[in-house]
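So this first bit is one chain, no partners, the form predicted on its own, shown in structure tokens.
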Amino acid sequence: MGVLGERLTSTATKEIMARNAPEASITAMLAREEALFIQRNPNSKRLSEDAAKNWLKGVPMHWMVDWGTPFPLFASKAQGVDVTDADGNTYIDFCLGDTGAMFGHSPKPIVDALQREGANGFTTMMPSTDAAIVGRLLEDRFGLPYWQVTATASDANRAVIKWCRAITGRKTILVFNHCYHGAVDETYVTIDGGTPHADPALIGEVRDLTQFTKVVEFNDIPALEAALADGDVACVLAEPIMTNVGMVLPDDGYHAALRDITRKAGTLLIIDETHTMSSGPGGYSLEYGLEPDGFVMGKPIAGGIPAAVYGFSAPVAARIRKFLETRNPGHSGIGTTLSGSKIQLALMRAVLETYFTREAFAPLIALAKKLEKGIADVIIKHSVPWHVVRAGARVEFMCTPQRPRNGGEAAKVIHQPIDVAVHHYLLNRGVIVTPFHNMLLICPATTGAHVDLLVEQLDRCITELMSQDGD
């Protein structure tokens, strides 16, 4: 987290009498912004009605309705940080596909690679001539020597869990409360309410997920030690920073304890960097000296084309090879036909060579620090009980004064009406932030002027929200 985020949580909220926005102001803003959204977007409304005749919930993927708007906003073009909708309205995009377009929409190196390699075949079920180069780049950037490609990070996490169970002979995994590891059913276990149970939002799961999944709160070292004490956990699957309930940062020393405890328990440690690649050119793991046994990342690794990778340390790879010697041939349940395709590898090479470098990341992090400062200054100016955190090129603000230390705490304070009001206010003024939480990404196409615009509009939004009568 940046210095300003620390100052805001440890100093500012203690020195000022922070006050929440009146409920009347929030309700009034939601009503005004909903009406303005409908007025601004007649073509999106028509497209939504037409799409509803064929698409479940009217969209190609049901999460696309989670913006909370009266109907989905339909995009016609995205380039760099600029998005144009079906009505010709333009936006500066700080969501960037919830990290899928972390390096911008259709960046030139990716477009060039796609045009060049697209004429030479997309998939052959054979390794391409880029395979050895991409393997070396992955090892160089992220520190682990052995890798595999999947179509999504969800697929990568499923594969990693299977490998860990196979080589340890253990059936159970451990995750953290309110973690995010894609659409992996076994990770949708929560301890909200005091006892482990499947997340009630999970659709169609018939197994008792608690039979083979343990869950503890992030940053709770005693709970982690107790959960691993029986020696039955194959792997801990962990985000280095919790990212789906706002950003929940690790306490000082937590990752060192996590690594020490897992080693003593004979449990493999898998770090899922799908949302934390913004931390630096080697992800959070290399930036902060973590030593995972396995590593997962997806989303922007191929510039937004479906692709993900998972990697293992040399000792883990040796255990996998030994396990495979005992295995009968046949279906493994790991890998899909389009994984490791020629086009995936070509685009991954372009991304790794162009963007996962110190030179490419330095200006992104510098601009993210400017954004962090701007948001912190606005929060302090208005004496609102909010805070801001940053991880590399990723910035988030939460409409609560204290930083949550775990997922359970964070889940109680996010997704409030005030968050929706802020999102809609910004969206109607040409600024896109992540709908699930207040996440903001800096990409190579983001400029200081874009950051200034966001900060200015957030300042105006809070000014309106703090009006006592909502007018």
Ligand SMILES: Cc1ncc(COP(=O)(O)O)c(C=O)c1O
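Start at 1 and count along the sequence shown; that's the residue number. Since we're looking at a predicted model, the values are computed, not measured.
We do not show the form predicted in complex with the named molecule, though everything after this point is about it.
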Hey, in the predicted complex, does E239 get a heavy atom within 4.5 angstroms of the named molecule? yes
Spell out, yes or no, whether the shortest heavy atom distance between F212 and the named molecule in the predicted complex is within 4.5 Å. no
Proximity of H275 to the named molecule in the predicted complex, heavy atoms at 4.5 Å: yes
Could you confirm whether A153 comes within 4.5 Å of the named molecule in the predicted complex, counting heavy atoms only? yes
Which pick from F71, Y180, Y254, W147 sits with a heavy atom within 4.5 Å of the named molecule in the predicted complex? Y180
Here the chain is shown alone; which of T190, T267, S341, N157 has a heavy atom within 4.5 Å of the named molecule in the predicted complex? N157
In contact with the named molecule in the predicted complex (heavy atoms, 4.5 Å), from 180 to 188, 102 to 110, 125 to 133, 86 to 94, is stretch 180 to 188
Using a 4.5 Å cut-off on heavy atoms, what residues in 51 to 71 are near the named molecule in the predicted complex? none
